[in-house]
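Quick heads-up: it's one chain on its own, the form predicted on its own, in C-alpha cells.
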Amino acid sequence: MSVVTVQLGQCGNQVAHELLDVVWSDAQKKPSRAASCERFFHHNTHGELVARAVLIDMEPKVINQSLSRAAKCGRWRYGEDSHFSQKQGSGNNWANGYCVHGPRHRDVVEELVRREVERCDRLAGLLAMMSVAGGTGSGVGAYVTQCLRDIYPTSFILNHLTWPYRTGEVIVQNYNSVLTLAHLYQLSDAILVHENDTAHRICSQLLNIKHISFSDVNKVIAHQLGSVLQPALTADSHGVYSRNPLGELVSALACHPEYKLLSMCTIPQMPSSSIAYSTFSWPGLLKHLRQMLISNSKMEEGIDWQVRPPAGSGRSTSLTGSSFNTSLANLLILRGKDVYSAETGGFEDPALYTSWLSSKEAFSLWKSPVSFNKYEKSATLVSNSQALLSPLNDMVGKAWNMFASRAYIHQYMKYGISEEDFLDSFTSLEQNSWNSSTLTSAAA
C-alpha cells in the first residue's frame, strides 16, 4: 500500500526530502525493495522513479532546491506537477497561514493531493510533514490537514511535527506551536514528534559533528523516521511485509483519542566511520533502549540507570530527580541480523504501562531480518507515553506568559484569530497535559 507525503513549509520539505532519500538508499538490493518503492514512489511513463509527494510552501526557494536536488541525484525525482509555491511567505504567523494562505490556495492544493492519491492502487494514508514554529508549516499545515480530513474522512492521517529549539528560532514560535497542536489533536490520527534539541544533541554527542547544520539535524530525523516506515514483519503479517504502515502504527499506538503525541528513539547511532569497528548484541541494545524508555532518555548517552518502575504506590524517581516515564503503548521495531533471537520480554512488563490497558494490548513488535541504513542491528521505539509532557508544558507555559501580557496578539487578530481562539487552544492542550500527567503505572 502507498503513502502520499504532503511536505509543508521549509522544514517539512527539507525533512521529507531526506526521508525519501533514506528510504530509496536503504531499499536497494533488499528483499523488501519492491514493497518499499511501492510505498513511497511510482514509475512515470519514462520509467523514472517518482516520489508520491506533494510539496507546498508560500515561498519558492526551498521547493526549487528540493526539486533540483532530487533531479540531480539521478535516483528518484519529484513529479513535474506535484508542487505549489507563492512569492510571499506567511511571515512566521500561524494566523496568516491558516486564515489567509490556506483558504486562498485550497483548491489547487487539494487537486495536487487528489492526483497523487489517484496514482495509488491502494492508499495506506497521508503523511503530512511540517514544523510548528513558522507560519506556513504550522498555519497552512493545520489548514491543509483539516482539508485532508474533510476529503478523506476514512483514511489514516499521520502528522509529523518538528518542534523548534526551546531557546527560540522565532519570537512567536510558542503561539504557533500551541495553535497547531490544538488543531491537529482534533484532526490527526496520530502526531509523531521530533524535537530539534534532541536531534542536535545526537549530532553533537553521538555523531561527533563539529559544525552542526540544519541538514545534519534533518538527516537524524529522517533516519529515525525511515527506520519506522520501511517495510517490516508484524505479528499477523504471516511472512508478508506490512501492508499499511500508517494504519498499523496508529492501531498499535493511538488507542485513545486523548493520547495522540508519539515520541521515538533509535539505537545505535554513531558516525559512519565507526560502524565497521563496532559490534552489537540484541540483549545489549534492548537493555539500553528499555532504560531509555523508562527514564525518558532521548539517546543512549547519559541514560539515568537509577530510574526503576514503581514497585508500590506513587511515582518512582532516581537520585538525580528523573521520574519514571509511564507508557500508554509502545511499538518496538527491530531490524538486522539474528532478529528472531532477540528477547523482548522486558518491554512487555505490565509495570511499564498504565493500569487500564494490559501489556499484551499495549506492546507491539515489528521485525525485519534486513539491516537498516548500514547498521547490522538496530532498534527503534515509538512510544505513546509521558515523554513529551515536559516540552509540551514548557511550550504552553511560555505561550501563556506572552498571552497574559497580550504580546503580539494584534498580529494574529488582524488575520482573523481572536483571543477566544487562543484560550480554546490553551484549554485543549492543558487538558491533554493533565491527561498525560495522570497516567499511572499498573504497578503503582
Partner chain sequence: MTQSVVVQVGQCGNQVGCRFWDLALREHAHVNKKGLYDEALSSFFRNVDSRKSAGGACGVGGRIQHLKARAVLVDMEEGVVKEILQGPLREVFDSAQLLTDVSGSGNNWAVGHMTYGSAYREQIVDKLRKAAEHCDCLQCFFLIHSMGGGTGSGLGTSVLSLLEEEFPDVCRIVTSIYPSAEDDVITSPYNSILAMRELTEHADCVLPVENQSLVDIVNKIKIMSHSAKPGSVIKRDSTVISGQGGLSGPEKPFDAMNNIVANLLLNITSSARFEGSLNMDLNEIAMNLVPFPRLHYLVPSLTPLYTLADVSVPTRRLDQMFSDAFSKDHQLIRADPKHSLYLACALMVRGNVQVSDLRRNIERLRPSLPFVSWNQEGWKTSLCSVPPVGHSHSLLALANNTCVKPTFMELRERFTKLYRKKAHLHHYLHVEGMEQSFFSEAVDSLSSLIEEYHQLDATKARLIPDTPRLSIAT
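Note that the structure is a prediction, hence the values are computed from the model and not measured. Positions refer to the first chain, counted from 1.
One more form of this protein, predicted in complex with its partner chain, exists but is not displayed; see below.
Proximity to its partner chain in the predicted complex holds for all of G91, G397 and Y408, with the criterion being a heavy atom within 4.5 Å. Note on the partner interface in the predicted complex: the residue among H200, R106, K287, R119 having a heavy atom within 4.5 angstroms of its partner chain is H200. Checking L328, V172, V370, C265 for any heavy atom within 4.5 Å of its partner chain in the predicted complex turns up a single hit: V172. The closest heavy atom approach of P283 to its partner chain in the predicted complex falls outside 4.5 Å. When its partner chain is considered in the predicted complex, G168 lines it closely, a heavy atom lying within 4.5 Å. Of the heavy atoms in N393, some are within 4.5 Å of its partner chain in the predicted complex. For the chain shown alone, Q10 is a contact residue for its partner chain in the predicted complex, at least one non-hydrogen atom being within 4.5 angstroms.
Remark: of stretches 154 to 162, 208 to 216, 293 to 301, 186 to 194, the one touching its partner chain in the predicted complex is 208 to 216 (heavy atom within 4.5 Å).
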